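So this first bit is one chain, no partners, the form predicted alone, shown in structure tokens.
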């Protein structure tokens, strides 16, 4: 059995160190930007943060595995034979924002058990002065500007016509694209906020649905536990639950099936 309170304390320390590294590079003329094979940007801050987290975990949780966006680890951690816990790290979620000086980026840290269930998550956005966190069974919280954490709860909206939805962009939707555009004409409010920020607003009850059509595990793991511990549902557009799908859908739970029905109509 894990003491998740101790794991959360470690995750906060990792997030503190990550915040110091990322803020030192944010809007800095010394930031080094490269282009990965998939044409997405990566910075020396992304690499430095993930390297630091891996180094600390190797000392403090030597039996655990690590999956990270920049240095891999999925093959071992996600192997059917794996019985170890593993950490999932996105050193900077929202790198495109980070390199352009837009403050909506964060370090995402999650812990997954041997049944591949996310059981702990920290999302730290120092340029927004916010940090969200949760572990299984303990609820979800946000700390704003270092203040006393506030417990989170999703909204009570029950109709799509009354809903507020946040998304990343219109790329990657495939044959669901037109359905999503049509849905925007129906619902109350739509904003393209994207990345972790959309999902955290669902956890806070400020947004009712957040959706991104193409994601990796490190984009979703920390978000998933925070949304679910706030009383919401996290899954994918095919109806699966959890953070292991090909895309991410956060809702307040009451709107989850209605959104799935609308976006998958006729499939």
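Bear in mind the structure is a predicted one, so any value in this text is a computation, not a measurement. Numbering follows the first chain given and starts at 1.
One more form of this protein exists, namely the form predicted in complex with a small molecule; it is left out here, but the text below deals with it.
### Query
Is there any non-hydrogen atom of residue 190 lying within 4.5 Å of the small molecule in the model of the complex?
The answer is no: residue 190 has no heavy atom within 4.5 Å of the small molecule.
### Query
According to a 4.5 angstroms non-hydrogen atom cut-off, is residue 215 in contact with the small molecule in the model of the complex?
Yes.
### Touches the small molecule in the model of the complex: residue 69 (any heavy atom, 4.5 Å)
Residue 69: contacts the small molecule in the model of the complex.
### Message
I'd like to check something about residue 109: if you look in the model of the complex, is any of its heavy atoms closer than or equal to 4.5 Å to a heavy atom of the small molecule?
### Response
It does not: once the small molecule is placed as it appears in the model of the complex, residue 109 has no heavy atom within 4.5 Å of it.
### Message
The chain here is shown without the small molecule. Which stretch in 90-98, 74-82, 140-148, 109-117 comes within 4.5 angstroms of it in the model of the complex, by heavy atom distance?
### Response
Residues of 90-98 come within 4.5 Å of the partner.
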